[in-house]
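Here you get one chain, nothing else, as structure tokens; it is the form predicted on its own.
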């Protein structure tokens, strides 16, 4: 049984489809990242799985429970951190988390210790007595995701969990998300930040115009781009043209350019396999390698490859 499964899931607003016949699964104890631009259907899918929205048609199940027919039972096993931080304006972070802990059934004897631990881990301890309305955008966002780390649900949903947060704060959040997975939670994250996706994902689903374009590990998605890896080489050789010809004949080579004396750019598939072949060829031809620099495609490149559009700034709205 999948932790999450949808079949022909559709959500329509008038004539506009936010999701269209979506078939989608998440394995138990997996971090699945939804990658796509604003308007791709990411948030709509999250809200349906969280029982906030009802599908127009099709089916969605969480831990074997239909989200429409058994919404109350589904809510008991999930938690969600919304894209926009939610809180009572005149309440303080510690009080907001204390209320959240009580609603989610965290034992009273453990609440204060757990709240202090999470506030310190997310560097919110010094702001614990500020009013919510006085928190910075980054502080409010960290407080929003802190609710999940207090709750520690069986199924955790996070919508843009580190938006508005600086790099140090992002790392703090990502560490807690990985810890949550290690403790047995299944996690679904919607983001359009490729660094976040690469850091966290067991698998990535590229979503565009309400449909899944591709789903796989980050490594396999990158390797699926033919010639996507660029290997920049500087090789000491007396015969540039002969070496260029030899490089072009290595399995996995798509294109070789020669931008300068003894310098080559190799556009290859799966550089981790290509580089050992190249070094062996150079050794046999008595060509001395002076430097190697490998650049892999980013998830931006993956999105462009599969959709024909750039991830950032792309929208179907």
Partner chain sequence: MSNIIRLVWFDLKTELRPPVWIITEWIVFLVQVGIYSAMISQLVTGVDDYNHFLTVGFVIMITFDMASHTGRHFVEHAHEGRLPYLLSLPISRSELFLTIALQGGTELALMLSVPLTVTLLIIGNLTWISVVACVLALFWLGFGVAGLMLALSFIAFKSSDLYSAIVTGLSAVIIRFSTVLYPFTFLPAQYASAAVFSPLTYGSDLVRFILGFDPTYLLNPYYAVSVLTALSVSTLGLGLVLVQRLVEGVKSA
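From a predicted model like this one, the values you see are computed outputs, not experimental measurements. Residue numbers count along the first chain shown, from 1.
Just so it is clear, the following notes concern the form predicted together with the partner chain, a form of the same protein that is not shown.
Asker: Taking the partner chain in the model of the complex as the reference, which of 134, 120, 171, 76 has a non-hydrogen atom within 4.5 Å?
Answerer: Answer to the contact question: 76.
Asker: Of these, 95, 216, 223, 193, which has a heavy atom no more than 4.5 Å from the partner chain in the model of the complex?
Answerer: None of the other options qualify; the answer is 95.
Asker: Do residue 82 and the partner chain share at least one heavy atom pair within 4.5 Å in the model of the complex?
Answerer: Output for residue 82 is yes: heavy atoms within 4.5 Å of the partner chain.
Asker: Residue 104 versus the partner chain, in the model of the complex: is there a non-hydrogen atom within 4.5 Å?
Answerer: Because a heavy atom of residue 104 falls inside 4.5 Å of the partner chain in the model of the complex, the answer is yes.
Asker: Consider residue 244 of the chain shown here, and say whether it contacts the partner chain in the model of the complex, taking contact as heavy atoms within 4.5 Å.
Answerer: Looking in the model of the complex, residue contacts with the partner chain do not include residue 244, since no heavy atom lies within 4.5 Å.
Asker: With a 4.5 Å heavy atom cut-off, would you call residue 86 a contact of the partner chain in the model of the complex?
Answerer: Yes, contact at 4.5 Å.
Asker: 26-34, 276-284, 258-266, 48-56: which one contacts the partner chain in the model of the complex at 4.5 Å, heavy atom to heavy atom?
Answerer: Every other range fails; the passing one is 48-56.
Asker: What residues, if any, in 9-23 have a non-hydrogen atom within 4.5 angstroms of the partner chain in the model of the complex?
Answerer: Contacting residues: 11, 13.
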